[in-house]
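Consider the single chain below, provided in structure tokens and representing the form predicted on its own.
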Amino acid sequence: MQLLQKLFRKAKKLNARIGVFGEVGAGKTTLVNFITRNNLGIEVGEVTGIPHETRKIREVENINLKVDGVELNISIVDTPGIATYIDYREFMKHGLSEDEAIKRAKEATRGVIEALKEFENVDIAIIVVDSTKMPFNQVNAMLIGNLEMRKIPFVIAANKIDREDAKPEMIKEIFPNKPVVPISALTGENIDKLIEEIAKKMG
């Protein structure tokens, strides 16, 4: 019986729509780009260093992965960065004109609303957290609270561990009862472990 159960688990195929959420600059698009580039040879968006570069929902479907013999078919959704306040003058610091900055601020505000609405459409969430910054802030607390309220499984990706000032252990300490996987979306370090954690949520 145990052998049959093991064979059944190995043979099953799991499907899920995975939303990638987080505050501005946490590395969401970099993470999604790494996954889609390595599996489909495409990238979902450009990473420029300008805040709110992603201002619309972007989805890539039919990403096929295999974890411990189990086939995963996922759609991954890159959402705009979430912020509690958007100041158009921040964009002007990156060389945008005042008109361009105001336009981008309006688009970014709409993007935040779109990102929050996406909670209704995902099976599993990845919360990308910048491990070089204090993780306990209004955005991360709101994300975790909303996902828990909706009973949506999630994994916290403690990103940017390739940097010397990264402190992923602090994220684990602040969120001790939550699944936290230290990663580098830039180099790909531990992204396989992140996928394994997602597979557990899918199973």
Partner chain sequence: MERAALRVEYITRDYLKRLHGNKLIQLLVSRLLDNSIIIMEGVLNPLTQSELLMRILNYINMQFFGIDIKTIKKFSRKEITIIYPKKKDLDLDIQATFDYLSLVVRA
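As the structure is a prediction and not an experimental result, all values here were calculated from the model. Positions refer to the first chain, counted from 1.
There is also a form predicted together with its partner chain; it is not shown, and the following applies to it.
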item: Within 4.5 Å of its partner chain in the model of the complex, all of Ala83, Asp87 and Ile102 (non-hydrogen atom); value: yes
item: Its partner chain contact at Met149 in the model of the complex, heavy atom, 4.5 Å; value: yes
item: Exercise: Gln138 in contact with its partner chain in the model of the complex, heavy atom 4.5 Å; value: yes
item: Contact flag, Met142 vs its partner chain in the model of the complex, heavy atom cut 4.5 Å; value: yes
item: Contact of Leu96 with its partner chain in the model of the complex (heavy atom, 4.5 Å); value: no
item: Partner-contacting position among Thr109, Ser75, Thr132, Asn121 - heavy atom within 4.5 Å of its partner chain in the model of the complex; value: Thr109
item: Stretch in contact in the model of the complex with its partner chain, which is absent here, among 56-64, 32-40, 149-157, 166-174 (heavy atoms within 4.5 Å); value: 149-157
